[in-house]
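The data below hold one chain only, encoded as structure tokens and taken in the form predicted alone.
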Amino acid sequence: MTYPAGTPTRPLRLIWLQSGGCGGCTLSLLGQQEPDLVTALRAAHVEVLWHPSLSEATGAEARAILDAAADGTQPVDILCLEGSVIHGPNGTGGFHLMAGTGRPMRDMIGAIAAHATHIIAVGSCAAFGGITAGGGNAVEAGGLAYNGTRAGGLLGAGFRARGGLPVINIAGCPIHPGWFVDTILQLAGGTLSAADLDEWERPLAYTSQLVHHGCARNEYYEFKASAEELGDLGCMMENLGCKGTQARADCNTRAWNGSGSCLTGGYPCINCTAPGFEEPGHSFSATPKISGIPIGLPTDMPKAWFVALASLSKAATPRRLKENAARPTPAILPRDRRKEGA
């Protein structure tokens, strides 16, 4: 990567490591648009020292880069981790050794983190343990600064990087590439402070709103016209486990792959930006209820108000929405009443 002549300061040097995960956050990142990823990194004046998918260096050459970062001889401004930290079996870290070294990957992560100016947990696995920590967590997976909702993780409670910030948790499964680019640009501009992070140290740039905001199904939600099966047009909160009214992310106002979101694609929001989302205690596509009332109510909404408003909404549901909600395509279309016979 080259930079324009006369650039006043050296680039921010970034290292990206992968451990217990699927690599989906990297795949999502490669889909960055307007601008593309390379242009975005160039605009942020970021030099990628090493990334397992973007870099040509491999084998001994890659190990030399990482060793220099780990002993502090190679300055690292931004350390990114994708995937959870693997501590198993029995706390040895032996389930994930760094290739060609016999050394637990978690030790390399910790060594570079000790020298890095900023640290970013890329995805919910690196932030909280995520999917890798689910199902009994046989591999003893955890996050950089959290294990689920418990502070600690690999780096310990109260950890601060050399730049003064905690681990920045860009949680999501996977992340939206724009969330990462926004964060990098803020770091490059020196404008990201602790006040720009929420209670889980997620950037407010994407967690200051709910997934519900901008949902294409909001008209159905307003009248509690509910979908009954995946693929139906109606709101998926009442029957299909959608947590869009509780989940914090801008998924429905910042299009994925240039066009949509999980909800636009017909699948309920599973709140993948929150710690512990991987084990909700029920099917992702089923809504747990007590006496017919969903357990997970919209954020900030008292139960009594929800019950009262839901009853009123159902009573006022237009026939068009009631008929269309449990269908994959609309049976009744909107009509202008001024037209005779509408």
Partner chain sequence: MSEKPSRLILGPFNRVEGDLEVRLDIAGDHVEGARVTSPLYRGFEAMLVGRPAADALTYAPRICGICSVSQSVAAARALAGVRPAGLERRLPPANGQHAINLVHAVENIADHITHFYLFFMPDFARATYAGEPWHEAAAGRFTALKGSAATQILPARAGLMNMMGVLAGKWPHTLSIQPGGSTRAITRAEQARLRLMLAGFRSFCENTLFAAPLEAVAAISSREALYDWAQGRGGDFAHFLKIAQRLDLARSGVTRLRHIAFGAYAGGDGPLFPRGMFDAGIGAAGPLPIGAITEDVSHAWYAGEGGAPRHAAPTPDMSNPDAYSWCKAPRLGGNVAEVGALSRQLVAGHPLLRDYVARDGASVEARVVARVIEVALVVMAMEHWIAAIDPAAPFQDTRPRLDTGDAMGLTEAARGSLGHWLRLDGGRISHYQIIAPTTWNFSPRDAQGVPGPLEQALVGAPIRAGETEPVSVQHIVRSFDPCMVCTVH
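Worth saying up front: this structure is predicted, and the values here are computed from it rather than measured. Numbering follows the first chain given and starts at 1.
The same protein also has a form predicted in complex with the partner chain, omitted here; what follows describes it.
Among residues of the shown chain, residue 267 is one whose heavy atoms approach the partner chain to within 4.5 Å in the predicted complex.
Contact annotation for residue 31: at least one heavy atom lies within 4.5 Å of the partner chain in the predicted complex. Among heavy atoms of residue 96, some come within 4.5 Å of the partner chain in the predicted complex. The partner chain in the predicted complex comes within 4.5 Å of a heavy atom belonging to residue 256. Site residues 37, 52 and 135 are all in contact with the partner chain in the predicted complex, judged by any heavy atom within 4.5 Å.
Of the candidate stretches 195 to 203, 68 to 76, 229 to 237, 158 to 166, only 229 to 237 contains residues with a heavy atom within 4.5 Å of the partner chain in the predicted complex.
In terms of contact with the partner chain in the predicted complex, the residue from 218, 149, 101, 191 that brings a heavy atom within 4.5 Å is 101. The listed set 297, 44, 48, 310 contains one residue whose heavy atoms approach the partner chain in the predicted complex to within 4.5 Å, identified as 48. In sequence order, 54, 55, 56, 57, 58, 59, 60, 61, 62, 63 are the residues of 54 to 70 having a heavy atom within 4.5 Å of the partner chain in the predicted complex; the partner itself is omitted from this view.
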